[in-house]
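Below: one protein chain in two forms, given as C-alpha cells, structure 1 then structure 2.
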Structure 1
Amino acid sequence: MEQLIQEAKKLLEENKVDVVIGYRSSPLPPFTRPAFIRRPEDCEQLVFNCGSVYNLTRYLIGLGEKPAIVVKGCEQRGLVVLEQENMLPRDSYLLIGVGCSGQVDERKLREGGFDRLPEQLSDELMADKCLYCDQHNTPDADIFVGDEVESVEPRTERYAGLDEFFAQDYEELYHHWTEVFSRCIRCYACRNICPLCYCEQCISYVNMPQWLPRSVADNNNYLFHMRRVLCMAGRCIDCGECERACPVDIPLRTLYKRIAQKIEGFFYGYRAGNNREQLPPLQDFNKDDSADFIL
C-alpha cells in the first residue's frame, strides 16, 4: 500500500485536497477504521486490505472540505447514483481506486469460530456480495493505487436463492417478515449508514401527515421497512452496509435484492449505478413497459 500512502501524501502536500478519506488499521486486524487524514505525515496510517469493509462514500455529502476518497469497485456505483441525483458532482472529490479481491464478513468470521483471520481470506469468510462481484477494480478512478485485481469467476449468482425463497406463499412470507421485523429496534443504523439515504428529514420523522407510525408496536416496523424498500427500489447498489450495521441481524438485502432483480427484469436490465446516462427506472418510463397487471 506504499503507492496509496505516496499518492495521498502528494495530494495533501500539493494542496489538491483538504482531506484523504481512507482506512487505517485497528486493534482488531484485519478490520480497519475509517481514517480522515489531513496532514501529509499522517498518511503512513493508510491501509487497504480485506478488512476495509466500510463504504466511506457515506461521508461525502455535506463534508465541506475537498476530499480524496478510497472507494472500492462495488461502492463506486453509489457515487454514480449520487451524481445522478445531483447530490455529489463528480468534480467535488478525487476518487482513489483500488483493486479489491473480496472483503471479510465479520459475522461469518464470528460464527466460524475464528477470532482472527486465517492466512488467506477464503470464500467461506468472504462477504456475500464479493462472491459474485463483477467490479473488482474501481472504475472511473482519478488515481488508481496498487495492482489491478484479475477478475475472478463469480462463485455464486447475484440473485441466487431468491426465486426459491420468494416462492413461499404470501402468508408464510408475511409471517417471516413480521417475525424478522419484530426484532427491529428502530435504531435506524440501516438508514444512517446507507450512502444513498441523505434526506434532510427522513419521512419517518414527519408527522403532518404521519407517513409512518413511530412506535415499534403494531407491526409498524414492517411498515417502516416497506417504505425503505420503496426508497431503495432502483437505487440500491448492494454495498451491504445496512445489513452489516444492523445490530439484530435483519437480512435487509434479501428484500432490496429481490426488488433489484425484478427491476432488472422489468426495465431492460437496469442496474443502479451502472450507467450515469441512464435514468433511474422510477424517474423514467417506456411506452412499452409491461401492462399485464392493468385492468
Structure 2
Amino acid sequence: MEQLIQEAKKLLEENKVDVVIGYRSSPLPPFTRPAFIRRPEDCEQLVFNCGSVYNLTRYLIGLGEKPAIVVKGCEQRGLVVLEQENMLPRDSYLLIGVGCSGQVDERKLREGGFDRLPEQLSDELMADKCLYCDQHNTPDADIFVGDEVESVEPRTERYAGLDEFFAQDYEELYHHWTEVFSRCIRCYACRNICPLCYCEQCISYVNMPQWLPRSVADNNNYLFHMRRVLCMAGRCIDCGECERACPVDIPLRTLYKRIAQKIEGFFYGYRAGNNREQLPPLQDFNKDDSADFIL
C-alpha cells in the first residue's frame, strides 16, 4: 500500500503526529503485527492485508502522544464508543481509514493446513464477524487510503442461531457454560486485548475488598465471565479480539452477541458505535421507554 506509506511519511515529516500506529510484517507469518512508527524512514515497514487482524484502537488509551492510527471500518465503532464515554476525544488522534473486504480467521487457516495468506480470501477462511459486516470502509477517516470497498450483501445473519441456542432451559445453559468456562485459565487475555476495557482498577483484579475470587475454579470462572458480559452490555462492537486471543478457545462472542442482540431489541435498534449522535442506552434516558423488559 504505497499510498499508506506516503501519507504516514507526510504526517511524521510535517510533525502533525508523533507516532503512526499501523501494521508491519510478522516474523511468524502469515499474520501481521502492530507497528509503532515514529521516524519517516520507517514507514516503509507499513503493510495492510487480510491478515491485519489486530484491533489497534486498544493502544490509544493513555498513549501520551498524538497518534495517527490505521483503522478498519468495523473498528471505527470502538473509537465512537470511547468518545461517547469521554475517554478519547475525536481531536486527540488522526484516523487513517482503509477499505476492508474481510479478515482471515486464524483458527480456520490453521485447521485448513495453510501456512500463508490466501491470494483470494474465501468465505470458508474468513472471520465470522466479516460474513455479516456492513461497514467495509471508514466514513470518519481524516485520510482514506486505497480503494473503497463496494458494499456486499451479508453472507450470514448477524444473530443467526442465537435464539435457538438460548431457547434451552436454564439448567442446560448453566451446565453448558460451566463446562465451557472450566477451560478458562484466568489469563485475562480477553480483558487485556479489549479496546473498551480501560479501567485502571478492574473489579476482577481488586483484592481489597475482593469482589471476585481469582482462583481458577468453575464457579469463579463463571462469575468472572458473566460479570464481564454485563460490563460490555451496549458497548461491545464485536471486533472479536477477545475470542481470537483466548488460548483455550472459549466462544466468548456467543455471549457478547447475545447481549448486543438484546440491547438492539430493547433500545430502538441501538448498535454500539454505529451512530455518534445516538447515546448508549446506559447514558441516555427516554421517557417513552416501556420498561417491559424490567417487569
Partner chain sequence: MARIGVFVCWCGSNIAGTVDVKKVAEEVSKLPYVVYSTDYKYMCSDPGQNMIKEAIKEHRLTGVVVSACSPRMHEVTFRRTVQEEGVNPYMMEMANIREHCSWVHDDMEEATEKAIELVRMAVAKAVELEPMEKIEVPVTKRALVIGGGIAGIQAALDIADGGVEVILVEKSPSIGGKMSQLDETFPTLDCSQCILTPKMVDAAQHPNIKIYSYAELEELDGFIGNFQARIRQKARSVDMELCNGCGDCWNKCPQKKIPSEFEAGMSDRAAIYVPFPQAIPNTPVIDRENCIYFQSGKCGVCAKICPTGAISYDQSDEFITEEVGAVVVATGYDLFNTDVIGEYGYGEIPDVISGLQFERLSSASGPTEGKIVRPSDGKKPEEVAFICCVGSRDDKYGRPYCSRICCMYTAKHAILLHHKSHGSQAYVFYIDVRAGGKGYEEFLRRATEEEGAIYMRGRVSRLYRDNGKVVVKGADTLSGAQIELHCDMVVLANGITASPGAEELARKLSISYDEYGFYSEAHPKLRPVETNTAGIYLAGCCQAPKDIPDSVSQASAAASKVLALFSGDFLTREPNIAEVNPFTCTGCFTCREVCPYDAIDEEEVTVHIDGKKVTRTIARVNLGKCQGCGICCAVCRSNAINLKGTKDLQIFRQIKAFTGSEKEKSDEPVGSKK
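Since the model is a prediction, treat every value here as computed from it, not as a measurement. FYI, numbering is relative to structure 1, first residue = 1. So that the term is clear: the rigid core is the largest set of C-alpha atoms that superpose within 1.5 Å between two forms.
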In this pair the form predicted together with its partner chain turns out to be structure 1
Taking the rigid core as reference, does the Cα of residue 148 move 2 Å or more between structure 1 and structure 2? no
Kindly check if the Cα atom of residue 115 is displaced 2 angstroms or more between structure 1 and structure 2 relative to the superposed rigid core. yes
After a core superposition, would you say residue 15 shifts its C-alpha by at least 2 Å between structure 1 and structure 2? no
Inter-form CA displacement between structure 1 and structure 2 at residue 284 - rigid core frame, Å: 2.5
